[in-house]
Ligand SMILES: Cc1cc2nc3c(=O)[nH]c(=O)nc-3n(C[C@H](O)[C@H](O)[C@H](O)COP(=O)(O)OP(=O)(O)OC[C@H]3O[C@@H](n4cnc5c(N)ncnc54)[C@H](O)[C@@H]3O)c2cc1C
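The chain below stands alone, shown as C-alpha cells; this is the form predicted alone.
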C-alpha cells in the first residue's frame, strides 16, 4: 500500500495556542514536525485516513533563546540549526556532536529536536547528550505548561509520558556553575555515518579538589528501551581518584542501569563489551 494524501486531513495551526486547540479538537491527529520519521510511515500507507497536525507554521517553536541560566531550544529547531548556534557550540558541544550524527545532511536539515524526542526511539541520537546535560522538556497542553526532566519523558520504546493533548514546545538546557573537565559523545554503528546506533555514549566529568572527581554524568543510548544514566557508576565515582581500580570497578556497575538486547543490528554481548570499553577509555582520558 502507498501513501494516499487525498485520504488525509491536514490541520495547520499558526501559533502554539492554536496548535493546542486543534489537537484538543482532534486528539487522534498525528503531530508532524520535521517529518523524517512520519513520512516513512506515510509512504508505506500506514497514515492513510489519518488526521495530521502540521506544526511547521508555529514560528515561536522555531527559536533558540539564550537566558541567564541556560538556553531554550524550540521544539521545531532543526539538528542543523543546533550545530550552527554559537552558544550551543560553546556550552553544549556534546549535543552539537550528536546532532551531527543524525542521518545525512538532508535529515539534519529537516529533523527537529522536538520530533526526535517525541519519536522516542531507543536509538535517538540526541538523547545521551540531553541526559548528561540534564535537559528539561517543556510541554504545552490545554491545562498549561509543565517541565519534564529528560530522564522522565520516555515511557518505553516509541512511548513518552506526554499527557493526552500535550505537545513539546521547547527543550531547556541549564548552564553548569563550572565548566566540565572532560566531555565526550560517541556513536557506534555499522558504518561511520548514516547508521542507526548499536550503542551511544555521552559523558561529562567535573574535577574537584585534591585530584578527586566532584561529579560524573554518564549516559548510554541503544542499551535499554530508553536512554539510561549510569547512576550506580556515577555515585561510585564521586569523590574518588580515577585510577585503574576505580575505573574498572565503575565499569562493572554498568549492568545495574542498562539492559541491552539482541536485535537485527547487534547482540547484547557486543553492545556490553563495546560500551564498557567506551566507558573505560573515556574515564582514562583516551577518548576525546
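This is a predicted model, so every value here is computed, not measured. Residue numbers count along the first chain shown, from 1.
Unshown form predicted together with the named molecule; subsequent notes refer to it.
Not displayed here, the named molecule is approached by residue 101 to within 4.5 Å at the level of heavy atoms in the model of the complex. Taking the partner from the other structure, the named molecule in the model of the complex has a heavy atom within 4.5 Å of a heavy atom of residue 111. Residue 35 belongs to the set of residues with a heavy atom inside 4.5 Å of the named molecule in the model of the complex.
Although the partner is absent from this view, residue 94 stays clear of the named molecule in the model of the complex, with no non-hydrogen atom inside 4.5 angstroms.
Highlighted residues 79, 124 and 168: every one comes within 4.5 Å of the named molecule in the model of the complex, counting any heavy atom. The chain is drawn here without the named molecule; in the model of the complex, the stretch among 211-219, 178-186, 160-168, 83-91 whose residues come within 4.5 Å of it by any heavy atom is 160-168. The partner is absent here; in the model of the complex, the one residue of 131, 118, 204, 71 having a heavy atom within 4.5 Å of the named molecule is 118. This chain lacks the partner; the member of 46, 30, 67, 59 within 4.5 angstroms of the named molecule in the model of the complex by a non-hydrogen atom is 30.
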